[in-house]
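Next up: a single chain in structure tokens, the form predicted on its own.
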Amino acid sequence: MIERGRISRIQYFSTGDGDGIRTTVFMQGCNLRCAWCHNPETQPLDTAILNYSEDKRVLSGEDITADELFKRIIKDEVFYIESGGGVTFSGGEPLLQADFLSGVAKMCKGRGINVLFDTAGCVPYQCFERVAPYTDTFYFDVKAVTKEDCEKYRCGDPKLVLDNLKRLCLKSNVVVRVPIIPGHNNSKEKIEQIAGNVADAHPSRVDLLPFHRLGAGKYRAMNKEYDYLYTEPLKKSDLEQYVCIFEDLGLKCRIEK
């Protein structure tokens, strides 16, 4: 086990990153550069600085030991027990630090804490093998399934992602999450492409994620251009038409709130 890792931040009392009340640990570093990313500060492997104003400057990137991270996680253990929650490792791409997080996840499981990994899946499968014994659920993003789309929007290697998804679904509880991005995959044709590939893997459920612009302020604070600054957020009704495409292939599908 690697004793030290790097986190971006820890969000306590999270209710949007899995069941119940959770502590979400955002890991520092990502090997993708998705154009719509709402956590751009987590992309650098080292650190990032967000300058919101002269009086507000935020650093993303803190070195931490496995023991210290575990201590921070178990502070809210009573809330996990009462709500059916736990810890979620997100990012960035948490599986880039699989060796470090395998040790933290093992300690969490030893205390009976539910463990969830939120991943884009564009890593060697060995990374999944390191953490899978201590993981209850994987949230697995599928953003595109063609090489052309993935290259255009900088969202990974579709063959690697889909191969990992199929292998992981054979042994683990996997929820596929599909962000619906205007101008990228919000068409019947694109959703049918994604649904067909996802159905081959047989995940436990599919969640459709409406596009939002909540990360726009972070791009300004990092002096970076945000391609979706003027793109209108999606409504639940915009996604309802796509649910039946997944359901017709035998998949459970819902729209994330």
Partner chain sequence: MNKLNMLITEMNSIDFTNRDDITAYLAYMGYREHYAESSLIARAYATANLFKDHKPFIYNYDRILGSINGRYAPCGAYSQATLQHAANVCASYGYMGFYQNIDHFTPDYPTLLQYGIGGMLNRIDASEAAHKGDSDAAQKLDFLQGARVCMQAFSEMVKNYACAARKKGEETQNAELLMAADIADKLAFSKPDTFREALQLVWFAHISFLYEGRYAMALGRMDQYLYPYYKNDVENGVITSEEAVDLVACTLYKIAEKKLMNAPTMWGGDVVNIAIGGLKRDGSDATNELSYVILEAVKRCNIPGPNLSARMHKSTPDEFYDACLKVIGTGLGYPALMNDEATVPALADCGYDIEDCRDYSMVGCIEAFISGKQPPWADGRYNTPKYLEFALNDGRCMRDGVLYGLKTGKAEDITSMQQLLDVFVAQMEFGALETVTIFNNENDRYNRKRYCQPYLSCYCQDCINRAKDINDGGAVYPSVYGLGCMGIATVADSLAAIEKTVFIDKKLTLAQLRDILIADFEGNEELRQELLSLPKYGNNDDFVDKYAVWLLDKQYEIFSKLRTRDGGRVYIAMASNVQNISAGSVCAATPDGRRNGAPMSDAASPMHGMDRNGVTSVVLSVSKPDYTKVACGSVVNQKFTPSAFSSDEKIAKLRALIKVYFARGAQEMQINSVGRKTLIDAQEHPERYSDLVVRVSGFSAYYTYLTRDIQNDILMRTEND
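The model shown is predicted, which means the values in this text are computed figures rather than measured ones. Residue numbers count along the first chain shown, from 1.
This next part talks about the form predicted together with the partner chain, which is not shown.
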Partner-facing stretch of 141-149, 127-135, 93-101, 78-86, counted where any non-hydrogen atom is within 4.5 angstroms of the partner chain in the predicted bound form: 78-86
Contact label in the predicted bound form: Arg254 to the partner chain, heavy atom within 4.5 Å: yes
Proximity of Ser237 to the partner chain in the predicted bound form, heavy atoms at 4.5 Å: no
Ile21, heavy atom within 4.5 angstroms of the partner chain in the predicted bound form: yes
Contact of Thr15 with the partner chain in the predicted bound form (heavy atom, 4.5 Å): yes
